[in-house]
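The chain that follows stands alone, in the form predicted on its own, written as structure tokens.
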Amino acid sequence: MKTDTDQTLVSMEHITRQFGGVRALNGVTLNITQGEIFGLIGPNGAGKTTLFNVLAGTIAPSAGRVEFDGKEIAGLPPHQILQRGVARTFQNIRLFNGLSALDNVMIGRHSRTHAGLWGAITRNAHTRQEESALRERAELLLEQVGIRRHSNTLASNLSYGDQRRLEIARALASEPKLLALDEPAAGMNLAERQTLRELIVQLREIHGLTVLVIEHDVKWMMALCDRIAVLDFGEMIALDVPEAIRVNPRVVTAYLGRRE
């Protein structure tokens, strides 16, 4: 939960993004503090995914500043932003379907390994020790997300919900400071959404994470997030705690459509 003494982990200032003649983002400013679960909602086409991709390095802003942990990251490629501590999942699951769940998580750890090409060729003692630690860490992460029993199962043979969990475990393998989840509950039933919400809260506590979530299920977000930002037509129209967002007239008009 956010407090007055919390430190800013993500600072996005006056973010604008043009696609030809279309302005997908128009001067968006927000801060995400360490340890909070921060939600991003808005109607289709509001600019949520564009803002998410600017933070993750998939696209660069046309204007504005993005700071992560006190350092400018706008315009850096995704692999460098990952190394800085931002790990993400995708709206459309992107796993290595021909590899086991365990191998998928081990690949996610690649950004933190040190063996290098020569170590991989020679299979020296240091490389073997690192691989052993890597496997142990991957198994632990699979256990934390509840699918360790599927360690040797091909990713393509996992259920949809377990594939979502595997993608989260793979993201955690890079030891991020910020875990960015792009519609993690999409396609899940009510019971699966509930357990996923509980899992995200647990992982935040276990790993000391800050979490950014995009999701269309507003009620689910209200129960999960410490604060929520609302975009509409590329502009920030509200940023507050869930209770205030629920009754904000601009949000009701633009997104919720009615008071609940």
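One rule holds for the numbers: they count along the sequence shown, beginning at 1. Note that this is a predicted model, so its numbers are computed, not measured.
One more form of this protein should be noted, the form predicted together with a small molecule, which is absent from this view; the next part is about it.
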{"property": "Check all three, Leu158, Tyr160 and Gly187, heavy atom within 4.5 Å of the small molecule in the predicted bound form", "result": "no"}
{"property": "Candidate stretches 41 to 49, 201 to 209, 65 to 73, 217 to 225, one within 4.5 Å of the small molecule in the predicted bound form by heavy atom", "result": "41 to 49"}
{"property": "Close approach of Ile15 to the small molecule in the predicted bound form, 4.5 Å, heavy atom", "result": "no"}
{"property": "Contact test in the predicted bound form: Ala24 vs the small molecule, heavy atoms, 4.5 Å", "result": "yes"}
